[in-house]
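Two versions of one and the same chain are coming, encoded as structure tokens; call them structure 1 and structure 2.
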Structure 1
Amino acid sequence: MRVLKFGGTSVGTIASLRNVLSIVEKASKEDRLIVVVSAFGGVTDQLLKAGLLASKNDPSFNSVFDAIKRRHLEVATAFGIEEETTSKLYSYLSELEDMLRGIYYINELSEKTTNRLCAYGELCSSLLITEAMKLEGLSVNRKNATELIITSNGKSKQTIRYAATNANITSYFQTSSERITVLPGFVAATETGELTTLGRGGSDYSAAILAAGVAASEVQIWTDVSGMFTANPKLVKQARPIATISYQEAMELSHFGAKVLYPPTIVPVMLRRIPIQIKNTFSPEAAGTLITHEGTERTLSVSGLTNIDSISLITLEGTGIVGIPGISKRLFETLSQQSINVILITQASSEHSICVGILDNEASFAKQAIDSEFENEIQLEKMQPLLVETNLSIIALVGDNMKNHQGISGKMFSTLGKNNINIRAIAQGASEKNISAVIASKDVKKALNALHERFFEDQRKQLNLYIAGVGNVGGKLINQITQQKQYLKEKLNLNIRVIGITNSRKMHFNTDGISLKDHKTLLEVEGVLADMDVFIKNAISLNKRNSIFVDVTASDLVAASYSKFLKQSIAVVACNKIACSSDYENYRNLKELSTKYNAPFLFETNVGAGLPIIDTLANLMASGDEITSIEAVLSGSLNFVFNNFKKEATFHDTVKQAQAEGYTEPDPRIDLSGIDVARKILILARESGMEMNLEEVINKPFLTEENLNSSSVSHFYETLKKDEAYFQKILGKAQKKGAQLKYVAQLKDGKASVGLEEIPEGHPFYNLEGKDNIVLFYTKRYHEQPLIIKGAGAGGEVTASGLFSDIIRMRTY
């Protein structure tokens, strides 16, 4: 015999009921079946709601009742169920209505009445499903489970009387020869015939008890997901079904929140080694999960992740409890007297505090009871009144194999830490099958996804980007990401998603990732008014793992936002130089925040676009080298200008051309005044460990006063035209010496300077072409011949690719 259980999710709609019928029909050809059904999806909740409203004297219980009634009658009609059955249904419904009226009049809802009330869900569903099967031509009979399953009492915390139950089941199925027997799940009775229920989600348990009673060959739990997943698939998209799992693991997973299986279900079948299969009513061909005695040999250390929401932490704390025996005993006895379920316990080794995780709705009872139990101690100030924290959740790592692997908790906590998830309490089962942590409920989804990535996705990582500035460089960055997406996925196991984009006018978000090909249109058409504060708030509240803010602007306002991101452990990647060249305190603060919150702050493109200058410097410093001096040509724009400035081409025209080709900032004065180069050498000085500010960089400008004081970009060009003779003179002087003009940055003896230099032939700068940059690092190790980095140091493509490689660096982080 086989037991098939269909949950509320499988019998929720007329369409899903049709699936149920076809699954049962097929299975009945192979074996005799016991079919256990839940109430139609959501009906138990509705019954409880109606009861509660009635008990509060609220007449709106009537409309809830009407909805329940309608739902059942609709099913009856859809399946063409005959009058006789419908009259039985009507009599159930009128009993239910009477009961609700009674509750309404006496304003009381006892546990006993709640049980009877809830039972109608399963009584009605089993009635209709049986009839629908008959109409399909199946050989089927309905049996009320209250006549078979016997519990110790009518309270919510009862146990199954197995001797009586098994005897009932055996004798019934020995006498009945029906091919299919349908039973309502969830319901049972005491020895004296009082109706009881097996707890929320209890139909799974009914199925297991029946399976044990008839020594079935297997139990199939049919639900709305294809098995027990590595994490709740509704929260973790990447979660996947676990093919096989041991009873113990399944039990641990369900105890810690994997709702797909009601926790007590395992016990009766485990004793008889009856396998459980979890199957999907909406995709019957999917393999699902097989739960057996053995599980399988697995290389994975962790089998699954779970979460329990609506948790409160209660903490008993005080010097008065240190070393005094019996405090915990009194605490737990008080909780047990109140029938409060303890989900997790941690105690500081100082014995100074005991912390217990319980369900939110029991927290106020717990507080009352415990404060009154310890009234004396609280009055004598040996102890503080019970501390209650709410809106928490427990997340747990579960696996038989965890005990054989080192460092699992280390990985777990570092993953949570990197994602700025605060851990309120930790507990590890002595069996090492489970490590759990209490965190804020708002962080659960992020935590599960980050942990899932860490433990199940073969080092696969998803990066979530928020990009400010999608113009020239930003647009190229998005193109590069689009082009590389597949490669990164396949070769580096890296999945990059852009969640938010903004320019100075509009911003746009999509939590599942913006379609990059259409990003321009999306921004224009669906974008809302840009607001940096809102952009930051959204990025923070979306609370995604591995978040990165990318600044591709030249804006002060955007640069001022970095600290807000870093404090949320959101990494910052910037080509905007403003932050790193701003006041030293600000730069240092950002670096400190980056360390403190474990969030990379990367700005390789601040100097030399995509050239690996800052990274090389960081590696030199980290490996103990010391910088003695730096000589560099760091302005692609100025290099372009001076390489193209010839007698025949005026200085004015050369600058114009540089701007037209995108080699200068929109305001070319930022390049030509040397301020941009000064910022770059300042950043290199700081990265070499010096405390320096921009004012301290000696800037010997080659522009005239008039050029520098020009009122606008067009005015600036006019002044250039006027001063042509002056520029020709500078050029002529250099040419006479056979020298090249280069705008050079230097760091030497603790001083930084920038200025135009005449470079003689033979010098490494002499042949620097186009818009190239070059940096010479003289260090303790590279003292005779410098370490040289040279290459294209300006331009949209190379800057975008520098940003891109900073972003990809997060994969090993």
Structure 2
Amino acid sequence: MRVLKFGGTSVGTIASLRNVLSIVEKASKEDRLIVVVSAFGGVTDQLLKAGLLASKNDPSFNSVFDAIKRRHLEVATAFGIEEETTSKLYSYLSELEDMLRGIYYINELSEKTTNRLCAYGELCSSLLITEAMKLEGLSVNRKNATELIITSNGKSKQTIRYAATNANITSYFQTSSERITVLPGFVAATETGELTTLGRGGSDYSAAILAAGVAASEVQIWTDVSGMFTANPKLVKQARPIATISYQEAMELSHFGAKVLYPPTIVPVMLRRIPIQIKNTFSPEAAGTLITHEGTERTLSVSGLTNIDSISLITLEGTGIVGIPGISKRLFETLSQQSINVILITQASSEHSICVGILDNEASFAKQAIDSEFENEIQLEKMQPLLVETNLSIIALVGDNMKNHQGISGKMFSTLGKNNINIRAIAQGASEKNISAVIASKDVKKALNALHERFFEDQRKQLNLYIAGVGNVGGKLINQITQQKQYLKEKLNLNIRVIGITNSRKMHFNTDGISLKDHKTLLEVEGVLADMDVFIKNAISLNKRNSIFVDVTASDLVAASYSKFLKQSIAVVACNKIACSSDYENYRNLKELSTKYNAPFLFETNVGAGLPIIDTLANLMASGDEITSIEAVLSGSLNFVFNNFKKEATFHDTVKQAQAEGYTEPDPRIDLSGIDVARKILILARESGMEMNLEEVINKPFLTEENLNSSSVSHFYETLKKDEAYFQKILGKAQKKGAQLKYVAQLKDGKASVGLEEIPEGHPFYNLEGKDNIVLFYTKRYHEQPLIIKGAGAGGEVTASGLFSDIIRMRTY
């Protein structure tokens, strides 16, 4: 014999009821069945609502009752159930209406009355489902579970009287001849014959009790999902069904919030080693989850993640606790007297405090009762009044195999820490099948996704990007991400999603990831007015794991935002040089924030675009080498200008060409004034360990005073035309010496300088072509021949590539 239980969603609509009939018909050909059914989806909530309204003397309970009545009559009509059966349904509905009117008249809704009220959902559904089966020609009978399942008293969440219950079940099914027996779940009776219930979710429990009573071969729990999942699929899209799991693991998962299974369900079947199958009514062929005594041997150390929301943490602390026997007893007795369930307990070895997790809605009662119990100690200042922290949740890692794998807790807590998720309390049993942590409710989704990624997704890491600046370089970066997306997934186990984008006019967000091929249209059509403060708030409030802010602007305002991101453990990748060349205290603060909040701050493209200059310098320093001097050509735009400036081409036209080909900033004065190169050598000086500010970099400009003081870009170009003879003179002087003009940055003896120099033939800079950059690192190890890095140092593609490289590096953090 098998037991099939169908939950509220499985019997929620006419279509789903037809699915149930089909499943039962097929199963009945193979075995005798006990079919346990819940109330139609949502009816129990409606019954509770009607009762509450009636108890408050609110006549609108009639409308709720009418909706319940209409719902059941629609089912009867849809299945063509005969008038005789409909009259029985009307009898139930009439009793229900009378009960609601009684509640309305006396303005009272006791627990006992609530039990009777809620029972009508299952009584009505089981009646209609039985009659629908009969009309399908099935051999079926309906039995009221109140005649079989006996509890010890009239309160909810019953203690089952198994001796009497098993005797009733055995006696009935030994004489029953029908192929199928339908019973209402959730309901039972006390030893005195009063109707009671087994608590919300009690239909699962009913099925398990019946299965144990008949020694069934299997219990099938039919619901709206294909088994127990590695995490809540509503919060973790990558969650997947667990094929096989042990009773203990299932119990832990269901206790800690996995709503597929009511926790007490497992106990009766576990004692008799009856397997439980979790199946999907809407996808009957799906494998689902098998719960057995042995579980299965898995390579994964963790079987699932789960959470309980709406938790409060109450803490009793004070010197009066230390070494005093009986404090814990008084605390838990007080909670028990208030019928407050303890979900989590933790106590430090110092015995200075006891921390307990309970439901939010019980916190105020707990505080009042415990403060009263320890009133004397509080007055004597041996204890503090009970501390209550609300808006918390519990997340838990569950798995039988966890005890055989070292470092599980370390992986869990490091993953949470890297994502700026603060842990308020920790609990782990000696069995090592569960590690629980209390965190802020707002962090639950991020925590579950980060942990699921860490333990279940073959080490695939998801990076969530917020990009400021989607013009030339930013657009190319998005193109590169789009082009390489599949490669990154397959080769590096890396998934990159762009969650937010902004330019100077508009910004756009999509929590599931922006369609990159349509990003320009989405920004223009669906984007809202750009506001950097709002952009920052959105990125923080979305609270995504592995978040990265990418600055592809030259904006002071954007650069000033880095600290806000880093303090939220959001990594920063920037090609904007303003922050790293700002006041030294700001630069140092950003580096310290990066370390403190475990949020990488990467800015490789600040110097040399896509060339690995800063990374190489960092590796030299980390390995114990020391920089003695640096010589470099660090401006691809200036190198392009002076490589293309010939007597037959004016300086004005050469600069125009450089700007047109994207080698200069929109305002070329930034490049030609030398300020950009000065910032770069300053950054290298700082990264080599020096404390230096921009004004300490000696800048020897080659532009005229009129060039430097021009009022606008167009005015600047006019001054270049005017001063053409001056630039030709500089060029001619170098050519007479057989030298090349290069704009050189130097760092030596603690001093930094930038300026235009005449480079003789044979020098490493002499043949530097096009927009290339070159850096010569002279160190204690490289004292005779420098370490040379050379390559393209300007252009949208290479700069975007450098940013992309920094983003990819995040997979190792």
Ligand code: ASP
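Superpose the two forms; the largest set of C-alphas matching within 1.5 Å is the rigid core. Along the sequence of structure 1, residues get numbers from 1 upward. Small disclaimer: the values here were computed from a predicted structure and weren't measured.
Of the two forms shown, structure 2 is the one predicted alone. The rigid-core alignment places the CA of N62 2 Å or more apart between structures 1 and 2.
Relative to the superposed rigid core, F79 undergoes a CA displacement of at least 2 Å between structures 1 and 2. V35 is not among the residues whose C-alpha shifts by 2 Å or more between structures 1 and 2 once the rigid core is aligned; its shift stays under 2 Å. In the core-superposed comparison between structures 1 and 2, the CA atom of L52 travels 2.6 Å.
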